[in-house]
Ligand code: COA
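Before any questions on binding or motion, here is one chain by itself as structure tokens, the form predicted on its own.
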Amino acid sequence: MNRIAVYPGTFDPVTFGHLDIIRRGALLVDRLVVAVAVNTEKQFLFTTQERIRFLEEAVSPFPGVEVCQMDGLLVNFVRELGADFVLRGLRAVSDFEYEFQMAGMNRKLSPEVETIFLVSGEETMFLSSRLVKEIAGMGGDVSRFTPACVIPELGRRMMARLGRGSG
């Protein structure tokens, strides 16, 4: 039986925390689909295609992992793929409260969709895309937090956004 999981997120940008969840999640299923969410209410630093490109490069060493764009409701996407699970990472209690609420809503919308939570490793539990962007915007070294393919463009965009570079 082919077990499929979907790991949704905005990945703006992808961090080593995301990659830790992807690597470990891929060991639990035959196929892990990393779903890059399109959210029209959120302003992204990177376009959907850029986020997909960064992720594809970063997950290339992980067998059974693919990256694609996701529009609309997660439960509809999961159904369309024939996936068995939604995979979510938890860093802190605040993550749990939000993710627990989302898992409950997803279950109401689609009772067959199960959510699996993976707790972040202690090396990455403090990481968030927001913090990585803040550090990059202040000229800090983010090489310990995000893949090398992201770093040059992240630095340029954050410095430009904050009016510190030539954009």
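Here the structure is a predicted model, which is why all the values come from computation and not from measurement. The first residue of the shown sequence is 1; numbering continues from there.
Only in words, not in the display: the form predicted in complex with the ligand, which the text now covers.
You can rule out all but one of 135 to 143, 26 to 34, 60 to 68, 105 to 113: in the predicted complex, only 105 to 113 has residues with a heavy atom within 4.5 Å of the ligand.
Put simply, residue 120 is close to the ligand in the predicted complex: some heavy atom of it is within 4.5 Å.
Using a 4.5 angstroms limit between non-hydrogen atoms, residue 81 is distant from the ligand in the predicted complex.
With a 4.5 Å cutoff on heavy atoms, residue 21 counts as touching the ligand in the predicted complex. Not displayed here, the ligand is kept clear of residue 48 by more than 4.5 Å at the level of heavy atoms in the predicted complex. Shown here without the ligand, the chain has 120, 124, 127, 128, 129, 130 in 111 to 146 lying with a heavy atom within 4.5 Å of that partner in the predicted complex.
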